[in-house]
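Okay, so here's just one chain, in structure tokens, the form predicted alone.
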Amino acid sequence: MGGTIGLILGREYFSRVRKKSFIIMSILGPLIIAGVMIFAFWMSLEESENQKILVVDDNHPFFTELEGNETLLFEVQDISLDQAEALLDVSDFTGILYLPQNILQSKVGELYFKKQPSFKVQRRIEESVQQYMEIRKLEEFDITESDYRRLKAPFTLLTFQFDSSSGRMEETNILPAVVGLVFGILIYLFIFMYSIQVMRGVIEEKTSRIIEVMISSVKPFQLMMGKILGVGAVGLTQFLIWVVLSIVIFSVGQSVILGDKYVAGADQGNVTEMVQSEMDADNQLNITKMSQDDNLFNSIRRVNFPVMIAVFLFYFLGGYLLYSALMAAVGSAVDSDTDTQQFIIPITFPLLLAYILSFSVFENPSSGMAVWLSIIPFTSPVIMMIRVAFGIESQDLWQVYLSMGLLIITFLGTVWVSSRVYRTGILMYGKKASFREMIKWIRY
């Protein structure tokens, strides 16, 4: 029996990996993934470009001493907005900051620009104007600027989780949770994509009558399992290709395309000059150290990728085998793709629900909803990835083991049920099947 399934598995696997569509997607997928990541890094570093802002102050010279930093330069001129707009086109100014006469009451200004600045640049301009107005308004309360800076108390919250097994506090990091969310979404996409391929493969063989010849040599259960395992092996192969090529392409791209910006971005902290200027030397060194330790590049190294990939492979295989068995049963019961809609929607609804609720679980991974969704086999492949990424307490590990055990048991039960539908439906033509009809086939 195992040898027969192995032959069918090999046939399904090699017939699919040799297709041009598989080769193209295996190369195109990593290019898209790495391209999006490089573009995201490039956009995040765009704020380092120098910004020279022409300030139009209707209360001139109130904002004359407005200060920026190394990458943000303010130049205040006593001109009208119309004159500034005309000057913008023929000068090296990158934008116009218009501060109307009622700025102290409305607290609303306007920014005109040639090229859309990043959100961080806009936020930095807002902070500069806000702080400047605060300092100037101190004169009404007879408070000096030095006293004001001493009164301000910048606050940074670092989060730690107690590990009962080691008895130590470990600092938490949001990036592993983001990786878990991405892996969960990948599981959703891979399960849906490859289980649909199983269904369409069954329909194709059924409509071409090839299945009649194959059934004379192998049992329907062997045929179904060989097809499911073969397509699953194709999915794993493509995933591994994507991982390897994405890492290679991204590593080359970040050094070639980003160049010096990448190095500067890796060394740049997250603390703005405004915050640093309001702290003493010791606090500034501590915050700078923390910001360097918590930058994106160092945070990536903290992700436990061996554990994440191992959990990903288990839940991908378990979820795929579960849903592909159901899809194989659907494919055997219909004669064309148009007849599958009434079955696909209810079958894949739990998987779609898990994808939708994954963002809520990301915000609160310890909620009751998150726990139950990570245990129920039809939603656990997506949700448990996120919970594992956040970290599960040792006393809650039973939830992971229960989730894995239920997924295996449910898969085996689903294969048994699907095989009974498959053996009858695969040789039935010209009759539209229904859920009631399938229940009868299961009882045969």
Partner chain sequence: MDQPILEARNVNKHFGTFHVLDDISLVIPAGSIYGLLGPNGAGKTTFIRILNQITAPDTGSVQFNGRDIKLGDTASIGYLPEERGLYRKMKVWEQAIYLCRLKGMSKAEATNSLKDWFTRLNMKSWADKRVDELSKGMQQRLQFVVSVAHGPELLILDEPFSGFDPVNTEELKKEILRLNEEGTTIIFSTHNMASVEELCSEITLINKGQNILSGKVDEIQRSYSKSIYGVSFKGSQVAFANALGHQFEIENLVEKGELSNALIKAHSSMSTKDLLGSLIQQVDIVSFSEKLPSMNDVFIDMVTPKSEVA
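Everything numeric in this text was worked out from a predicted model, so none of it was measured. Positions refer to the first chain, counted from 1.
Keep in mind that the form predicted together with its partner chain is not shown, yet the notes after this line are about it.
Met214 is the sole member of Met214, Leu353, Val248, Ala310 with a non-hydrogen atom lying within 4.5 angstroms of its partner chain in the predicted bound form.
When its partner chain is considered in the predicted bound form, only one residue from Arg200, Lys219, Arg123, Arg136 comes within 4.5 Å through any heavy atom, namely Lys219.
Although the partner is absent from this view, Asp335 stays clear of its partner chain in the predicted bound form, with no non-hydrogen atom inside 4.5 angstroms.
Its partner chain is not drawn, but in the predicted bound form it has a heavy atom within 4.5 Å of Arg209.
The closest non-hydrogen atom of Met25 lies beyond 4.5 Å of its partner chain in the predicted bound form. Put simply, Met438 is far from its partner chain in the predicted bound form: not one heavy atom of it is within 4.5 Å. The stretch from 235-243, 200-208, 107-115, 344-352 that comes within 4.5 Å of its partner chain in the predicted bound form, counting heavy atoms only, is 200-208.
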